[in-house]
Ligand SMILES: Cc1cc2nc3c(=O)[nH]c(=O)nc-3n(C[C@H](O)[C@H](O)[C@H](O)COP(=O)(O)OP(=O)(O)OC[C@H]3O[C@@H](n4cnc5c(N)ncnc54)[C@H](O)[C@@H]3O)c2cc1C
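One chain is shown next in structure tokens, namely the form predicted alone.
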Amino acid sequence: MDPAKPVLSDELLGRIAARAPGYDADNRFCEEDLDELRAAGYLRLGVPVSSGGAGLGLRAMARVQRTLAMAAPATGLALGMHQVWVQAARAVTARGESFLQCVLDWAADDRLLAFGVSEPGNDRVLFDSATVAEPDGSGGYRFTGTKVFTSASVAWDVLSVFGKDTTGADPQLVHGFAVRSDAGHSMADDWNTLGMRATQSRTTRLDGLHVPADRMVRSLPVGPTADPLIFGIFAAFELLIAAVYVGIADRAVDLAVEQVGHRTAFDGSPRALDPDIRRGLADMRSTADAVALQVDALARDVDELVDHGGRWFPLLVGTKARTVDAAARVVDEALRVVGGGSFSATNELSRLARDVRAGQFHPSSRDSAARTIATSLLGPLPA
């Protein structure tokens, strides 16, 4: 059974797809999509059945995200950040820890979670932070810094934040959660991008944002670590992001097949009989299939607690980077196969061509992935 069907009915997906061009043209958050998906139980898909959810693991959730992205890539990407946190919490719980139970509780209450992680110029992502975390003396922290690419910035209920505490002998990276009503955070109106416009991933400024002790969840050393929190976030983020781009590739193939089927050559013969077009479509389908299978297999391994040891991070970042590149190639080939009509702003392929470009900016980038993989093979570079 398709795990998306209980929530993503054909009727709902049709409405989401119909709204996508308007969100893009108006540079507006996918508010109606969120409202309908929340009502349908989307935010609770990964929550255990005993807590009112559907109990979906990472493999099933990746398939849901792939389906949602075929209808509206930006909606899939924006709301997928919530699913990343839920699946990170599931991974942590499955590995014997309970410090992210709060995430599952918030999701069970249909509260939208978002990430306040990315920072300007910080290519170390979760392994260091430019945000200052000042202890409050009671186990909580005050955070001051700038977070970028805060997806669903206009709608989140709960925002993860992390920063660096340098008050002790050894710096610590501390992780917690803010709620919307907290003072000390503001949102810039600075989202005017090439693609993925409906995510409204605006800049968030933290100005002494106070997170009390009961919403602090982890303190870790600066630098790479295989802590369950880091593994859970990386696994869920890389694979659910990749699933969105698999969905874009799938949709590009479908659109190319459909539009080629309506075209004829100058002599009146169907373009679908042209050997070059047939080869192009075949290459597109096989390229999309290859990365889809990689994402599916690795998500299954996360669910089944497969021990890849030191190979986990190279596998995760490599799969994400490869999938994004493959999706871009598929969309580019779809434009070529369909021809000049795909260049029209009213053609869905032109929107996919813009949306797919965002993939290169999500961690881990192609260069970062290559460094991680090279380090796993050759060891780290000299200090």
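Throughout, we count residues from 1 along the sequence that is shown. On a predicted model such as this, the values are computed, not experimentally measured, just so you know.
Although not depicted, the form predicted in complex with this ligand is the subject of the following passage.
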{"query": "Among 37-45, 22-30, 324-332, 353-361, the region lying within 4.5 Å of this ligand in the predicted complex by heavy atom distance", "finding": "353-361"}
{"query": "Contact flag, Pro275 vs this ligand in the predicted complex, heavy atom cut 4.5 Å", "finding": "no"}
{"query": "Any non-hydrogen atom of Met196 within 4.5 angstroms of this ligand in the predicted complex", "finding": "yes"}
{"query": "In the predicted complex, Met81 touching this ligand (heavy atom, 4.5 Å)", "finding": "yes"}
{"query": "Heavy atom of Val117 within 4.5 Å of this ligand in the predicted complex", "finding": "yes"}
{"query": "Listed residue (Ala236, Leu77, Ala89, Val161) with a non-hydrogen atom within 4.5 angstroms of this ligand in the predicted complex", "finding": "Leu77"}
{"query": "In the predicted complex, the residue from Phe177, Trp191, Phe313, Trp106 that sits within 4.5 Å of this ligand by heavy atoms", "finding": "Trp191"}
{"query": "Sequence-ordered list of residues in 144-169 near this ligand in the predicted complex, where near means a heavy atom within 4.5 Å", "finding": "Val148, Phe149, Thr150, Ser151"}
